[in-house]
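Consider the single chain below, provided in structure tokens and representing the form predicted on its own.
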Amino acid sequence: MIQYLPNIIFIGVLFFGLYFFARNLSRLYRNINFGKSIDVRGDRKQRFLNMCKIALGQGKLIKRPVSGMLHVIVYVGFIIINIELLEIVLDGVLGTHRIFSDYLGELYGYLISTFELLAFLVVVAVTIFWLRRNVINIKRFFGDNMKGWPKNDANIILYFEIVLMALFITMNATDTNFQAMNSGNLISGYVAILFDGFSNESLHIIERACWWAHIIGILIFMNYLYFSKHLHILLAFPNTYFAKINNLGEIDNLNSVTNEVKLMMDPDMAFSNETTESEEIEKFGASDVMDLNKLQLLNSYSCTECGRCTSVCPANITGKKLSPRKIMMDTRDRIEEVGRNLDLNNGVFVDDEKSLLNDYITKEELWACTSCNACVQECPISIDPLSIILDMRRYLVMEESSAPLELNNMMSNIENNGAPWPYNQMDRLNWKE
């Protein structure tokens, strides 16, 4: 029975790790579904191609070649290296050691050597990322909304990746059987030199310690994702699939408002195929996360906080308070607050006298937006901060009649004069005199 104790412990650790991971995913699914449903049927082929190109192929990242290529190295390396995770799980459950080596022969050594090279490149790329975030003064990594937890979170992930890669290489370097079987290992062969003079028993202890630390580290990393900006590792795929596929500059209109305009222009066109007179609109726009749709909430959880959106925002560049990145971070923080409210009250939301508008996002930020769509165009995974801004501005105008004086004057002129200018229609051409 004692000989099976490591296997039992491993299965227990694996079970608890996967249990908490599933629980986090369940909480995430619930929070996203707190939003309103939307029609995302569209062209499934085009959506799938977008997902493959943007999320899987990292198509938009490489527009900035330095950070883009570094991210590709980390992404590809981390995914491929963790193929070995399958072998670790099988070894832990079955009590074997490097089970795939029995079936792949010499090919196994070449595969692991490739994985080790990728692991080394990941460490190099992550080190450069750390320097870019903490030493090199890159503006988009700094700012009021990037202090405290956002900054620490980014660094914690980088430390996680370095430690996991180091454990992987050290595990291979101290595995005497593996080193004897594959004397040409590119990376671990050099690392093994550091352990010259160690007894076989000591090497075995180090190898086992690294093996256990690696699998436990992976499970901790999986459960940490929910609390981290790196949740985009999982959500980038559904986010790019469900993202807008038509013209990015197209702004969604409310059917009820569209029909009012149609009625003014041509009574015969009104209510033809959109809505009916009996349709009731509960609320125009959005003042809190409950008024947003599921895709917008998915967007907020998918945000990697890279700051590319903010770095190209003309309002932010000219010193305005608006930051598209902050819009997404605030939305995520608010839906998390709502989620905790639900957890404390048995799934029922109890009014906390807070809202996304004012408590998180100010009117000044919303009205600073020029609606240019640069943030949407720049986002590596097709997040749409503009849609949230427009919905919240729609609420301000249509529910609270709260808009800047200049906008109110313009709308009054359109209503009274049929043009944005404060002149009667009969007098608009007087300037020619």
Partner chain sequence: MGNNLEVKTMAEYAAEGKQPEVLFWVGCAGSFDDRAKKITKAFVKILNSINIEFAVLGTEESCTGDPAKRSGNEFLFQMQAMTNIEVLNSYSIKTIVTTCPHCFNTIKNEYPSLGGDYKVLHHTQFLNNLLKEGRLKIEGGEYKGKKITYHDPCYLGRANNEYNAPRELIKKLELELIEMKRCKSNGLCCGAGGAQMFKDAEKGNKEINIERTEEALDTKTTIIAAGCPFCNTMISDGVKAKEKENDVKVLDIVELIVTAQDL
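No experiment lies behind these values; they were computed from the predicted model shown. Positions refer to the first chain, counted from 1.
We do not show the form predicted in complex with its partner chain, though everything after this point is about it.
- Highlighted residues N50, M69 and R132: none comes within 4.5 Å of its partner chain in the model of the complex, counting any heavy atom.
- Interface membership of F34, defined by any non-hydrogen atom within 4.5 Å of its partner chain in the model of the complex, is ruled out.
- None of the heavy atoms of I8 is located within 4.5 Å of its partner chain in the model of the complex.
- Among heavy atoms of G105, none comes within 4.5 Å of its partner chain in the model of the complex.
- Among heavy atoms of G143, none comes within 4.5 Å of its partner chain in the model of the complex.
- The partner is not drawn, yet in the model of the complex one stretch among 70-78, 85-93, 257-265, 159-167 has residues with heavy atoms inside 4.5 Å of its partner chain: 257-265.
- Of the candidates I251, I138, L344, L194, I251 is the one whose heavy atoms come within 4.5 Å of its partner chain in the model of the complex; the others do not.
- The partner is absent here, but in the model of the complex a heavy atom of T318, alone among S202, N177, T318, N358, sits within 4.5 Å of its partner chain.
- Shown without its partner, the chain has P404, E406, L407, M410, M411, I414, E415, G418, A419 in segment 404-419 as residues with a non-hydrogen atom within 4.5 angstroms of its partner chain in the model of the complex.
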